[in-house]
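Starting off, we have a lone chain in the form predicted alone, written out as structure tokens.
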């Protein structure tokens, strides 16, 4: 990577404007702000700004425009994109979530993770159309569409639940966008990821869901063909209240994993049912009988435990994956 030098006086002026952190390579805070969930996908921007407000985001965009630099955005670094030579805006400080119980909505800061959203909504018996991993940023999920492992078949993509967006576009001016105020931009944002600006907050619809029946069963990789053939016949008949997926995994030799799964080649069959637990158990029963199970944690759960369906690791680790 060719390092891009930025005038020190310009960086000093930006630092005086921003209430969050400003750092260039080699300075304190740079590595922490640029860290990703996957160490195999490092970010090396020309400058990083840890934004503490929408004004910080606007200042960062204006700075990038004035110096002819691209803009990149991160929160958790789960889906890191190339930021070489860019102005990287880290939104993790903008993580406030507020819930309107009467309107069944939540306002989510641009840096909030799904764990933050669930912590704010589930005490009221309300649930968002969330992703599979609580540690993932909610905004990136919503802007990319967002296929939920629990509520997606009932309520569509996460992007479908967005009712308003607070965004800073290329001009560096914050604005609130709705289907009425700017229908074209509102349509583009919900699915266009970060290509139309930096989203500092979203408002989403919530749903009255307090519990679900779900989790995952694991079977030996040698039984994959048998399980998958059965799954292909079973899944299309499920009602919209039920969602299922499959992952073929080589698990690490992690002592935290149960002995049958530690370092094993396995197939994880995930399942979630919104509604009566007994009905969910009846729906899932045929798949429990297909092949011997190495592990089974499909049960009735509070919605706050939605992350246990996929069981994604909560901390950074090097990995490669392919999703089809």
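Keep in mind that this is a model prediction, so the values were computed, not measured. Positions refer to the first chain, counted from 1.
Only in words, not in the display: the form predicted in complex with a small molecule, which the text now covers.
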property	result
Contact flag, residue 155 vs the small molecule in the predicted bound form, heavy atom cut 4.5 Å	no
Partner contact for residue 140 in the predicted bound form: the small molecule, 4.5 angstroms, heavy atom	yes
Heavy atom of residue 93 within 4.5 Å of the small molecule in the predicted bound form	no
Partner proximity in the predicted bound form: residue 78 to the small molecule, non-hydrogen atom cutoff 4.5 Å	yes
Whether 20, 55 and 60 all lie within 4.5 angstroms of the small molecule in the predicted bound form by heavy atom	no
Contact stretch among 226 to 234, 209 to 217, 99 to 107, 129 to 137 - heavy atom within 4.5 Å of the small molecule in the predicted bound form	129 to 137
Residue (of 245, 147, 178, 175) lying close to the small molecule in the predicted bound form, criterion heavy atoms within 4.5 Å	147
Contacting member of 118, 151, 204, 198, with respect to the small molecule in the predicted bound form [4.5 Å, heavy atom]	198
